[in-house]
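Just one chain is shown here, as structure tokens, and it is the form predicted on its own.
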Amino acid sequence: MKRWAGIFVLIFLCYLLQTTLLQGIQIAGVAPNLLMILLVAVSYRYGKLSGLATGFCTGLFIDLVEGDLIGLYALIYMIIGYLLGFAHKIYYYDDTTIPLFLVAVSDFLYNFMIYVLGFLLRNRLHLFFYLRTIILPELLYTVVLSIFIYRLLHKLLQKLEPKNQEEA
């Protein structure tokens, strides 16, 4: 229970940072996706079901605060969190290359799903423009920021672990 309460607090804090502080330091008109870094950290550490639940909570939080359509971001984050959970089988505590790769893939998948569901279905077929102006700059910015943020999130998630079996 302590872990889930801590993850929800981290979701809230990452959302606040993403929508306030990081909007002020945009590069090329995009801000990094801290929530995706958190989703990678949780899914990679705890597996598919935790990734699914964290993705749902993250997406629903975004939907309730700023979404036009309730459930769209929840579905997208849920799918990505579940898929990221498959990487739990190759989890290694000190490895940071796999999480960086997962952040890149998941951010690309997230933005591509936004493009398909938000633009392509409305007959806006400017994929290369969207790729050049939104997807790639955000992907690069998120991956560079995740080099620093992932370790911090990893240590915070480790502190949320039960100390012994009686607490679990």
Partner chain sequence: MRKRTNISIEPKIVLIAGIILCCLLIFFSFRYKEKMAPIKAAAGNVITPMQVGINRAGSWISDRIERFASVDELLEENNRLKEELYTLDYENKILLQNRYELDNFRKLYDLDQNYADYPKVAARVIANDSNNWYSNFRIDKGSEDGIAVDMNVMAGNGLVGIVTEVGKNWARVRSIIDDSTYVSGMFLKSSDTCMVKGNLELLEDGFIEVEDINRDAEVKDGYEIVTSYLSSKYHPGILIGYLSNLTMDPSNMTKSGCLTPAVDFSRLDMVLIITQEKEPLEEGNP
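Note that the structure is predicted; figures quoted are calculated from it, not measured. Numbering follows the first chain given and starts at 1.
From this point on, the text means the form predicted together with the partner chain, which you will not see here.
- Contact check for residue 61: a heavy atom falls within 4.5 Å of the partner chain in the model of the complex.
- Taking non-hydrogen atoms only, residue 78 approaches the partner chain to within 4.5 angstroms in the model of the complex.
- At a distance threshold of 4.5 angstroms between non-hydrogen atoms, residue 101 is out of contact with the partner chain in the model of the complex.
- In the model of the complex, at least one heavy atom of residue 115 sits within 4.5 Å of a heavy atom of the partner chain.
- Relative to the partner chain in the model of the complex, residues 30, 52 and 74 are all within 4.5 Å by at least one heavy atom.
- Counting a residue when any of its non-hydrogen atoms is within 4.5 Å of the partner chain in the model of the complex, the hits in 92 to 111 run 110, 111.
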